[in-house]
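Next up is one chain by itself, shown in structure tokens, the form predicted alone.
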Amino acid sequence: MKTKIQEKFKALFNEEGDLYMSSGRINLIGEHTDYNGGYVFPGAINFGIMAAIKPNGADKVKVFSLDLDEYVEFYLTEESIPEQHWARYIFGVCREIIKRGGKVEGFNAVFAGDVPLGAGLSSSAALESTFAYALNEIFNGGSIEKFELARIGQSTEHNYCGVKCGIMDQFASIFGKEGSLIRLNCKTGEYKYFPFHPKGYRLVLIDTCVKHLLADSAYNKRRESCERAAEAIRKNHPEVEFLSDAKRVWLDEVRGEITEEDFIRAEYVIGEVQRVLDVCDALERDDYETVGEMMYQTHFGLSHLYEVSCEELDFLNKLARKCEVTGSRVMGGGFGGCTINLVKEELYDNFIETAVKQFNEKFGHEPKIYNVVISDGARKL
């Protein structure tokens, strides 16, 4: 990838650019907790976006996407927003830096990536983080602090790409560290690294290659359920700002005042916040069996209480149990996408072979397999 990028850069711009890279991410546990002010537990992975970048002394940005074989030019003014959706991620990062008083001038860039698209590994956050990190280094001497770089990526999604995402994806892409997962408190922004070196285990994603259309409207409905439950609890306990602040017994107190649907959605979230903390404790003891059991509990909650799983994901999760996989769950918003699986080395080959064969027999297509390793986030190469 590195050679192809530099060759194309030289062919287009007659010089070499500086290389920058950022990673996609997984989230081991802590799903649908971000907008409830709870914890998430992501890490950067060994799939990412790489870019060669060099200032061009002009007021124009010239970018080539190697994967899409597309070239785009734009000025750095608000009205110069490009038509191509992929280019808006880069344009948005430039504009968000400028809006915050940072400096961006014209530059040339060529980029490519190996983050699987549509698998929930956040290729867009990797793209934003690569350019945010690079433009901060090149034009601002690294003066913009890392959390602000993550916010720049998040604001790009909100203001230029039409996605009202949380901060987790960009945070993981910027802050990722090889061999560590990061517990992020989505309410306070506090974070802590936890070692993740599961000797004798592999972390593997199985991508169903399906995405059911319910996702967006269902996401909003679940968010509203959580807000109603938090509001009911707040009447008795004013300190509850988000649902993640509530204790399970406080939810029981208001069971008669909210719908059963709102109750089970809130029950899942309060349980999930605790599971993240339990997984962190287990990792400090190198207790991967407990980590795995918590992953299964999360899948049960997402399937039966939060109801964001689907037939394909439930099939893979049950199959993982049968194959004695240590931990397995749906990763991401749900209604399709991947399961994330913690598998003992000696069981790996049989599990993958069985999963591919039986999934294909049932659903008529093979799932995709991604072996992931926890890696560094945004950096200059």
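Everything numeric here is computed off the predicted structure, so don't read it as measured data. From 1 onward, residues are counted along the sequence shown.
The form predicted in complex with a small molecule is left out here; the points below concern that form.
Novice: Looking at Ile49, Val343, Val61, Leu28 here, can you tell me which has any non-hydrogen atom within 4.5 angstroms of the small molecule in the predicted bound form?
Specialist: Flagged contact: Ile49.
Novice: Considering non-hydrogen atoms and a 4.5 Å limit, which listed residue (Ile182, Ile138, Met294, Ala119) is close to the small molecule in the predicted bound form?
Specialist: Of the candidates Ile182, Ile138, Met294, Ala119, Ala119 is the one lying within 4.5 Å of the small molecule in the predicted bound form.
Novice: Within 4.5 angstroms, counting heavy atoms, which one of the listed stretches 278-286, 254-262, 110-118, 188-196 is next to the small molecule in the predicted bound form?
Specialist: Careful reading of the contacts points to 110-118.
Novice: Is Ser123 one of the residues lying within 4.5 Å of the small molecule in the predicted bound form, judged by heavy atom distances?
Specialist: Residue-level check for Ser123: yes, a contact with the small molecule.
Novice: Within a 4.5 Å heavy atom cut-off, is Tyr89 in contact with the small molecule in the predicted bound form?
Specialist: Because a heavy atom of Tyr89 falls inside 4.5 Å of the small molecule in the predicted bound form, the answer is yes.
Novice: Flag Ser65 as yes or no: does it have a non-hydrogen atom within 4.5 angstroms of any non-hydrogen atom of the small molecule in the predicted bound form?
Specialist: Answer yes; at least one heavy atom of Ser65 falls within 4.5 Å of the small molecule in the predicted bound form.
Novice: Closest heavy atom of Leu127 to the small molecule in the predicted bound form, within 4.5 Å or not?
Specialist: Looking in the predicted bound form, residue contacts with the small molecule include Leu127, since a heavy atom lies within 4.5 Å.
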